[in-house]
Structures are given as structure tokens and as C-alpha cells.
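Next up: just one chain, as C-alpha cells, the form predicted on its own.
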């Protein structure tokens, strides 16, 4: 499982198969996370979160493998002494790079930094997912404000990780192209030439490999199971037949959490001139609808929509006049909203499959075909 025909002659197994799989799966997961985080829209959040879940499991495996793995997978063999780092930097400045059986000193510190950075990203991602999106294992204990605040930390960490990845790749290119060390190939077939210092690499047996692969599968599976634990049920707002009947006849009946209690009271008191139309109701029906809206207004909910739209007062009282709504819908034109399968800017349920619940989760956005997401 480790002896490959493309391995350099006279080389010995240094990187075991579980470590190599960890490396390449982690590279793929990081790539997916960066692409979905920086280049794709919020409706790709499910893929971003899935990549983060895989990374969480891989990191759990790597911590364990750093203790019980093969010789050069163990953290105890990392050459982290400052003297070694200074020596290597001095050699590099003189155009020289010694071949190391395992990690070189600078590379070892980079691995530590990458693992720490990924760990912090996964941890902050869990907080953001739990607080801002109310999903995942932390959703029951973290509120929106904390999740939203940690999102900025998560984004800063992502930028730092991207920088570290760039430095790491540059270092690999220098080692491979300039000094012709088989760094990349060794991470494919696991074998490297051993420097003539009397040091020898220990053979990685089949049992060790099988144990490592099993541990990785267990770690990733357990992490993903925990990551995707059913979110606690958000207490549903009992639908008011009066509200649906009296307001839903003209437009989609907005979820009560999309406006504050004060705004609802003002709006219901001015139905005689409701955005240029007379929407007056009999006093008892008006009071019934008003009581329902006030009882379930933005102040009573802890969703992203209730915080970023519901609690943002506008002079007009319109949801579509909030800066958050406009920013999130900036890619849509008036023609998109005028389509028969959308209807208008008030038809939230045309694209948001969970609009009636008031959650407006990013992964529940499904616009009609042809409408930008």
C-alpha cells in the first residue's frame, strides 16, 4: 500500500497512507471552503459547512495520529527548536536547503500554524453556524448576536489561513523546483530518500495503516454526525387565520418577526392609507390581527431576519427599504421581481422555501429558474 513504482530509488517510507490521505482530503476541503466562502453565494452555505465538518473530523484524527501515528506523523518528531529554525533560515539565505527525512524546521512550524488556524476556523464556524444560522450542535446555546460577532473573527481567520496557505505553497515550490527535493511526490507515494546521517525511516506495517484509516473514518464520521445533529426545534408561530385571510388576500402575509411591534401598531392603525390603498378592516378584525402581529414581532425572535430586517426601522416601514434587504437582493432587477413566478418584491416565499417560518436560512434559498441566486 506504500511501495509505488514512481517512488525514488533507494527511498524509504516516511509518510504513512493515513497521513497522506489526511493531507489531500484536507487540501480539498480547504479549497471548497475558500471557494464557497469567497466566490459563491450564500445559498452554497451547505457545501461550505460540509467542508468545515470534514475538516473538523480530519483535525480530530490528526491530533490523535500525532500521538499514535507512525514515526514522522508524530508531533514528538517535529523539529521545532528555535536553533534548528535559525539554522535552516541561514542555509536558505545562502542558497542551500538540507534534505530532512521528515519535516524540516520551518515546514514543521508551518504545519503547526496551519493545524491551529484550521482548528480556530472550524471552532468559530461552529459558533457562527449555531448563532447566526441557528443550526448545528451549538444552536441551542448561542444567540444571534454572538454568532454574528464571531463571524468577523471567522472571516479574519480565513484571510490569515489563505495567506499561510500561500506561503506554504511557495515554500513547497521552492523546495521542489529550486532545491529539487521530492516534497510533493513524497506526499503521494510516501517515500523519500533518507539523508546519509545514519537515520533510517521505520517501515509502516499493514496493521498500522488499517488502524489509521479506520481511525480517520471514525473521526470524520463521528464529527459529521455531531456537526449535523438535528437542530432544536424553533417554536413555530401559530398561523393566524385572520391575518392570513385579511392580509394574505393582497400579498404574501409577511412573517410577524419581520417588523417590530411598534411598526406593526403604526401600520395597522393607518390601514386607511396603506401604501396608497385603503386596506381598512372592521375594528374587531383589525385588533385581532394587530394583537397577533405584536405578540410575534421581531423582538420575540432571535433569527437573522428578525435582527437584520425586523429590528431595522425605516421611514416607510417597508421591509424592502432596509439596507440589509437591499444588499442581499442587489443582484436582482425589477424585471426579476416582475416575473409571473415571483410576482413582486413582497413575495418572499417565491425564493425562500422557509419564508413562512421566519427563519430565511441561506440553504433554503431556491429561486425560480432564471432568477439569480
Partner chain sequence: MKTPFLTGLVLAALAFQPAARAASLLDGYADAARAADAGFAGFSAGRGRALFAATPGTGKPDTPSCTTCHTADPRAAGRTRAGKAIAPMALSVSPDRYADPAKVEKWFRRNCNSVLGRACTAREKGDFIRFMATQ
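Residue numbers count along the first chain shown, from 1. Treat the numbers as computed from the prediction; the structure is a model and nothing was measured.
The next section is about a form of this same protein that is not shown, the form predicted in complex with its partner chain.
For residue 280, a non-hydrogen atom is located within 4.5 Å of its partner chain in the predicted bound form, even though that partner is not displayed. Contact check for residue 343: a heavy atom falls within 4.5 Å of its partner chain in the predicted bound form. For residue 246, a non-hydrogen atom is located within 4.5 Å of its partner chain in the predicted bound form, even though that partner is not displayed. Among heavy atoms of residue 109, none comes within 4.5 Å of its partner chain in the predicted bound form. Interface residue among 339, 307, 329, 43, judged by heavy atoms within 4.5 Å of its partner chain in the predicted bound form: 339. With the partner omitted from this view, the residue of 273, 287, 152, 98 that lies near its partner chain in the predicted bound form is 273 [heavy atom within 4.5 Å]. Heavy atoms within 4.5 Å of its partner chain in the predicted bound form are found in exactly one of 331-339, 30-38, 64-72, 47-55, that being 331-339.
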